[in-house]
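Shown here is one chain on its own, the form predicted on its own, set out as structure tokens.
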């Protein structure tokens, strides 16, 4: 038997709220399937299954707040016999609405008299249950005042409108608290050191302009994708920066998963992973980056994208910032920052010429690496960006 537990989806996550099960008891699941949706302080996350088999029991119900590491379900792996129940099944999984049950203001709607029968179609009744709408106070527009699907749809839109601003404000406040706790922990526990270097981007930008000129508009590359790929490749030369601090020691990761800092429209940051970024070509990396940004802002990330990053890359160039020294996100041991691309005087072949440059910075854990190794990393990053065609 394999236990499906509440995963860790952030450095200071202690619990998550089960929104809904995506699978039912008796269903077959494959490793990587989405089995549940969990609400955290930052977003609603689709949680992947890490075993292949049959769902034997579900031990939590929608709405439960579940501590990290708590068993939520039991999966009978292939080849194993069905076991006698040792733990109770607490509920039959059913999708639930994440919105509160609200009664929209219908102006002149009246509840049915005691003992009277509510006129509502079966389809409308089902939709009302799914959307968390109480139909008893609605004014129906169907024959003889019957409540229709359209009536429920309009009511649901009104309910969402009432709840949205309050929910967004509450989530933002919780997110800021979570980020504050993680960053306070980082500065308290991690002995940071900081390095920076200025990189001439004239070759990279010239190559990028020529390359994008050969591509359809929808397939053009951003300079940030060059940065991500260069960081991933530079980590091969200084692998101690691609590690996680666990139980008092650094554990190097064999794979390079770049956490990409993405700002949310409602405020705050999330840094989900671009998996195996060193192995992806620039076109693939660009597509995956665009998809990750879109899904992050739509609140449809997968659990592995939040739990897998081995280092974070952040850029504040769009905000006009030329240099950023970030705070390491535990349990990672390094963070790379990029500022705004600006034109500056540059000495080349004995002449002072204008060149586009970017400041790249490294925040690293002194328990794991030192300034010498950090300097080698930034030098390798510079070298790679001078050969953009090879990325």
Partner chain sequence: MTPTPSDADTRAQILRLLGEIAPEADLAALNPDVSFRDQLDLDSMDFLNFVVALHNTFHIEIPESDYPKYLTLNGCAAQVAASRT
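Numbering follows the first chain given and starts at 1. All values derive from a computational prediction rather than experimental measurement.
From this point on, the text means the form predicted in complex with the partner chain, which you will not see here.
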Using a 4.5 Å heavy atom cut-off, which residue among 197, 212, 283, 202 comes into contact with the partner chain in the predicted bound form? 212
Name the single residue among 118, 321, 244, 293 that comes within 4.5 Å of the partner chain in the predicted bound form, judging by heavy atoms. 293
Looking at the partner chain in the predicted bound form, do all three of 222, 289 and 297 come within 4.5 Å of it through at least one heavy atom? yes
I need the one stretch from 181 to 189, 313 to 321, 247 to 255, 230 to 238 whose residues put non-hydrogen atoms within 4.5 angstroms of the partner chain in the predicted bound form. 313 to 321
Counting only non-hydrogen atoms and a 4.5 angstroms cut-off, does residue 279 reach the partner chain in the predicted bound form? no
Using a 4.5 Å heavy atom cut-off, state whether residue 177 contacts the partner chain in the predicted bound form. no
Using a 4.5 Å cut-off on any heavy atom, which residues of 368 to 390 would contact the partner chain in the predicted bound form? none
